[in-house]
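Presented as structure tokens, the chain that follows is alone, the form predicted alone.
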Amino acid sequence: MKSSRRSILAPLCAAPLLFLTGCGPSGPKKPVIGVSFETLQTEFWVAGYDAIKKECAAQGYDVAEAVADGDAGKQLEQIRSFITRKVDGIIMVPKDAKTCVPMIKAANAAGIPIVLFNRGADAGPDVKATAVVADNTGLTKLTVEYMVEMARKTGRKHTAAILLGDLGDLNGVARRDGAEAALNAAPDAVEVVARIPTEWNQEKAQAGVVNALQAHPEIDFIFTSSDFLLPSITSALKSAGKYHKAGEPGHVILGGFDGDATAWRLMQEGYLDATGVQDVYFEAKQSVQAIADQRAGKAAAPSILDPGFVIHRGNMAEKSAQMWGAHTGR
């Protein structure tokens, strides 16, 4: 995320109160959707936040906005404030799968439709919410399978390091499982020698990759569970003298997940081979539509799956329009 973007968002992230965007004072009163994000500290969350607001406007909703700065207690208060104000629906990105359960129950008790954007809840059937989430397992599996086929084409076995996300996050667990499924099916092509815990933290990721490259300088295949961590990986590769473009001697097959602006740039430059792209526009549209459907009396679907897609240098021209990171910062 650019510093200019951070400065624009800083007042919003710091403010404990909510505000409305959309309808002017002279216009008719519109229904209101409360949007609470756990954080805006990655490009994906900013892109999702913007896409939801645009989709709300397109479907005739005003927006009450709040950002919790990584604080689950603060987010609970934000949701309670939405409920007190009698919003017509709530879309939230929870901090994790557990802390959001009391928030969902509060919305359920108030009869307010609630949607979880891009993160699901670890809750029983009595807790009613629609989770609009990427197919984290399936999309990761497809991405790593593409990388495996690249390795096979070289005619030699590759040595891999896998960067794990926060395993307290259902998305992180699902991406780990998808990567493992693809790699377990390809023992002839790839051997994993390092599984690096990151908890979605740049410093941990960089230290982990540096250590892995020192212990296994033969590593030539790296998958990260989030493109957010690509700067840490590229820094470590540069320090180890292993940062080479595809087609150059010593190129490390590199893949990720998300589809952010860094991934797009590295793919254009020839360093990134593939990434699984979450379709943020699809997820935003489905989140707002889920609120509209419930307000119209339809039962809440437990989940809506975003299949996403794998982008690589072979299909960049075809898929760039759908990749949110290809348009970030333009």
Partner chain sequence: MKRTALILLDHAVILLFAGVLLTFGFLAPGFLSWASLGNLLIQSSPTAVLAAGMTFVLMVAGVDLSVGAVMALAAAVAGKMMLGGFSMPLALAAMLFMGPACGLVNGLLVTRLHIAAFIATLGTLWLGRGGALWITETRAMNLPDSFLHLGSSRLLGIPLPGIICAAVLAAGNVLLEQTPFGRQLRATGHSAVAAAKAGINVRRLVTAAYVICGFCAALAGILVLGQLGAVSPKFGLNKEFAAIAAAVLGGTSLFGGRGAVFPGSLLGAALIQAVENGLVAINANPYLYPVVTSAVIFVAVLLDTLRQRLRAAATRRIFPETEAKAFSASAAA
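Numbering follows the first chain given and starts at 1. Treat the numbers as computed from the prediction; the structure is a model and nothing was measured.
As for the form predicted together with the partner chain, it is not shown, yet the points below apply to it.
Between the options Gly138, Pro217, Pro102, Pro231, the residue in contact with the partner chain in the model of the complex by a heavy atom within 4.5 angstroms is Pro231. None of Ala207, Ala123, Ala72, Ala110 but one reaches within 4.5 angstroms of the partner chain in the model of the complex through a heavy atom, and that residue is Ala207. From the list 300-308, 57-65, 273-281, 43-51, the contact stretch for the partner chain in the model of the complex under a 4.5 Å heavy atom rule is 43-51. Highlighted residues Leu167, Val193 and Gln202: every one comes within 4.5 Å of the partner chain in the model of the complex, counting any heavy atom.
When contacts are judged by a 4.5 Å heavy atom cut-off, Arg176 counts as touching the partner chain in the model of the complex. The partner chain in the model of the complex is approached by Thr262, whose closest heavy atom lies within 4.5 angstroms of it. Among residues of the shown chain, Ile83 is not one whose heavy atoms approach the partner chain to within 4.5 Å in the model of the complex.
The partner chain in the model of the complex comes within 4.5 Å of a heavy atom belonging to Lys238.
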